[in-house]
Each structure stands twice: as structure tokens, then as C-alpha cells.
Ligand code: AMP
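Before any questions on binding or motion, here is one chain by itself as C-alpha cells, the form predicted on its own.
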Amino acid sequence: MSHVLTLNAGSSSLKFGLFATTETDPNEMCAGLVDRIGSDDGTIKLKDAEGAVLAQTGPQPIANHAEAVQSALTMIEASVPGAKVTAVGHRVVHGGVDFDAPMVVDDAVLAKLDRLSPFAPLHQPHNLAGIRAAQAAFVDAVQIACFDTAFHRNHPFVNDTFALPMRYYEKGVRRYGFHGLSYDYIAGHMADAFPDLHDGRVVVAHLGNGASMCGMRAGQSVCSTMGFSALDGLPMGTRSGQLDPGVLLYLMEQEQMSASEISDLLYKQSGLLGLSGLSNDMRRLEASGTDAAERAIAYFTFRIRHELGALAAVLGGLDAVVFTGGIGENSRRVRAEVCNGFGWMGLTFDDAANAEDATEISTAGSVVKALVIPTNEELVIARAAAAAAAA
């Protein structure tokens, strides 16, 4: 039996999973997290497919992503003896204009992805560090890059551009959209479980520490709330979301802030954390009851309703809204506050179903359906890696 490994490298963390290849879908055997890479108190935890802890270590020094990959491999080998990794699938945030499907990584591809780092400076370098670490650890395995931007690459021009001189569009300044691996999974799941809705007009809300929404028609992305960067659209855990560009001019000219200071403000100090002054964690905000936390939640749900209405207009109507991601799958309050604002569109919310975390949280007679579907980006990556290993 052969296996594929999935790697999702962040700035200080590494999610990983081991899947057995089968004649149908890859079968998850275990999944884990290396946390606090680059510190002296790093941790590693590995769980089986049912969520039971197989192994954990730390706190301990984990110097870099290469060491993180090797530590993850050591833990997998101890827990799943004899695993033969034939392919490694990687989440890569930015694929630019050229990469609209999973790609086997060679030196030329890696060089192109390196050149995209200015488009996603807080994500891309860490994704590529994970690839390089895996190349060193698995010399004979095929490396597959799976792109968060790929799902959105067939947007109509009007949903792909900004009103800037066209020379910037040609240089790559356009609306890329992100969270594509999550949207890819949801579209595939709906094709199997809700084929009629899949063929219609669907807005998927991927709500978590990073958050965006995607308007789909027949399972294809038509428009996304995220644009050139992973800052745009909805407010997030620590990211600002939509912002008047005049604010950036003000920060530069009046506050004398540098590009790095503005970047730190918009990526790390804003969003739910900045509004609440308390936390980027929705669970903590909902439990706190402070006025500032309530304002942060209110703004978050307002922006979701705002974007839902806009995406419905782009799609020419709405047949279903899907909640996914950590907040979308777990916050009953956020789902209720969003859906209860759309009775005028034909969405009749079922409070009892929502309280039970049911898959369908609209009533049986609702014209617009509301669903809760857990996402699985790792499975999308594993599928691509397994296909490449079999080719």
C-alpha cells in the first residue's frame, strides 16, 4: 500500500496528514500539527482519523520548517510503521495567473512560485519552505502544489480586475480570490449530496481566522470577496478586510507609517482583535459579553450580510448559502445573525435545527436553503497528490 502526505505550512505552524491511496478516495490514517515553529516551546500532536491522540511532544525547540517536516515524519513513522510516501501534496496560497490546477513541482515551477511571494508575503514564503523541506525529506516522492487561487481563475473580466490602468492588470494586479481548496471541496460535496442546489446559485461562506465568501454557479466560482490579497473583503481574526484605500494614504502621510508598519497593522492587529481589543477568537468574544466584543461580532455579521447580498446580485439570485470553516461550522450565533437578515430573499431560518448543528438550518419550505458543511482542504490536496502518484 502506498501513501500520500499533505502539508499545509503557515508562518509558525505545519498541518500534516497521512492518507492511504485507494481505488476511490484517499483514506485518512492520521493528521497532526506542528505548532510554534521557530521558538523554543514548539509542540507536535498527531491524531488518528477518529480524533484520538496517537502521540504528542513538547514544548521543545523547533528551529525551522525543515525540522518541523522531519519531526512530523518521525512521529508518523513511529505511529504508522512502514508507511511508504509516494507523493506529497502542498497547499500554496498563490498560483498567480498561470497556475489554475494542481502542478507537479520542479525547479522551474518553484522559481515561478518564488516570484509570486510579493503578492502574498505572509503566506507564500512559508508554503515554499514546506515544499523545500519535503523535497529534502522525500527525495523520490513527487511534490504537488495545490493553489488557493486556482478555483477562481475563470472569473469574468469584471470580477477579475480593478479600475486601474491596464498595465497593472497585465503585471498581475487583479482579483485572485483565495480559500479555493475549501471551495473546491464544498462544490464537490454538494455535487454528490445536494445536486440540485449545486447546479444553481450558491454562496459559500468560509468563516474562520481567515474569512471569505464565494459566489458559485453550477459549482464554478463567479466572484469572491477576496481580491488581490488575503486582506480584502470580510473582517477576519486579525485582518482588516475591506478598507478604503484612502485610509492607507492617511496612514502613510499623516501617521508617517512605513509599509511594514501598515502591513503589521492590517494583517496582525485589526479584524476581530482590533475591534474588540480582546481576542481574534470568536468563541472568546461570544463568551465575554463586553460592549467592544459585541460591536466586533456585530460588524463581522454585518459584513457577511453585506457581501451575501452583493454576491446574490452578481449571481442573479440565490438558491443556497453554505457555512463552513471554524466559525461557520461552530458559531450558532453568527449563522443566526446572518440568516435572520435574509427573510426578504426567501430564507426562512430554523432556530431549532441551528441549535442542533444540523446540516440544513433553513426550514423545509424555505425558498433559499441554508446549509452547514464542514470543509476538508486536506482531502482535496490528498486527491491531487494521489492522482499525480498514479500518473
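Residue numbers here begin at 1 and follow the sequence given. This structure is a prediction, so every number in the text was calculated from the model and none was measured.
Below: the form predicted in complex with the named molecule, not depicted.
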query: 4.5 angstroms heavy atom contact with the named molecule in the predicted bound form for residue 362; finding: no
query: Partner proximity in the predicted bound form: residue 286 to the named molecule, non-hydrogen atom cutoff 4.5 Å; finding: yes
query: is_contact(residue 341, the named molecule) in the predicted bound form, heavy atom dist at most 4.5 Å; finding: no
query: Residue 330: touches the named molecule in the predicted bound form, heavy atom cutoff 4.5 angstroms; finding: yes
query: Residue among 161, 124, 209, 135 with a heavy atom within 4.5 Å of the named molecule in the predicted bound form; finding: 209
query: Option touching the named molecule, based on a heavy atom within 4.5 Å in the predicted bound form, out of 281, 319, 232, 100; finding: 281
query: In the predicted bound form, segment of 347 to 355, 320 to 328, 33 to 41, 48 to 56 with a heavy atom within 4.5 Å of the named molecule; finding: 320 to 328
